[in-house]
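Let's start with one chain on its own, the form predicted on its own, as structure tokens.
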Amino acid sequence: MPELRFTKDHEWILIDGDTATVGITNHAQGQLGDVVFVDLPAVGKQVTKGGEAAVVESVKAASEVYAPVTGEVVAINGELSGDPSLVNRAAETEGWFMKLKLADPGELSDLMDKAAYDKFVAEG
């Protein structure tokens, strides 16, 4: 069964076996405002936990999207290049950024579940 986790940098990660789908949280897209551009990594790129994996630009600012775990990019959401506002409309579903093949499943233990993330955001 897929498992949803969150980072303190407001990324979400949906783990399904050894593959993880990554995006930014609804809270993050709300802080950014209208997303106008998303720069996604190339398929095959190796990303490191905590390292820059993508960039999202809004009318307010550009912001890095950090890799919640170390792994290889195995897919990107091509829909975002033609419709970056999909991040605003569906940040935690269809607005995903990339899929990673996990290098070290042990890194998942550092991530928050939904209840812990909601508390983290509320305490702001």
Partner chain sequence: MTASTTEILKRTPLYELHLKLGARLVPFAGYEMPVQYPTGIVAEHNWTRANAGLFDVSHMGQATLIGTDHPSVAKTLEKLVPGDILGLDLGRIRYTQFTTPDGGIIDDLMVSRPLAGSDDGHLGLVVNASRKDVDYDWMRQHLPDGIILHRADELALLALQGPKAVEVLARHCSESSSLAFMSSARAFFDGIDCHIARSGYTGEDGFEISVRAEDATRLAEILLAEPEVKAIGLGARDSLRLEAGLCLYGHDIDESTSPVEAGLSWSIGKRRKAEGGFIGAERILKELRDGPPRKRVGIRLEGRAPAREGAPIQSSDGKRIGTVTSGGFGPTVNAPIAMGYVEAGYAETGTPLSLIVRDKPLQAAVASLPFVAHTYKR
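Residue numbers count along the first chain shown, from 1. Since this is a predicted model, take the numbers as computed values, not measurements.
We do not show the form predicted in complex with the partner chain, though everything after this point is about it.
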note = Exactly one of 58, 77, 26, 70 comes within 4.5 Å of the partner chain in the predicted complex through a heavy atom, and that residue is 58
inquiry  = Within 4.5 Å, heavy atoms only, which of 46, 85, 93, 31 is in contact with the partner chain in the predicted complex?
reply    = 31
ask   = For the spot marked by 36, 52 and 62, is every residue within 4.5 Å of the partner chain in the predicted complex through some heavy atom?
value = yes
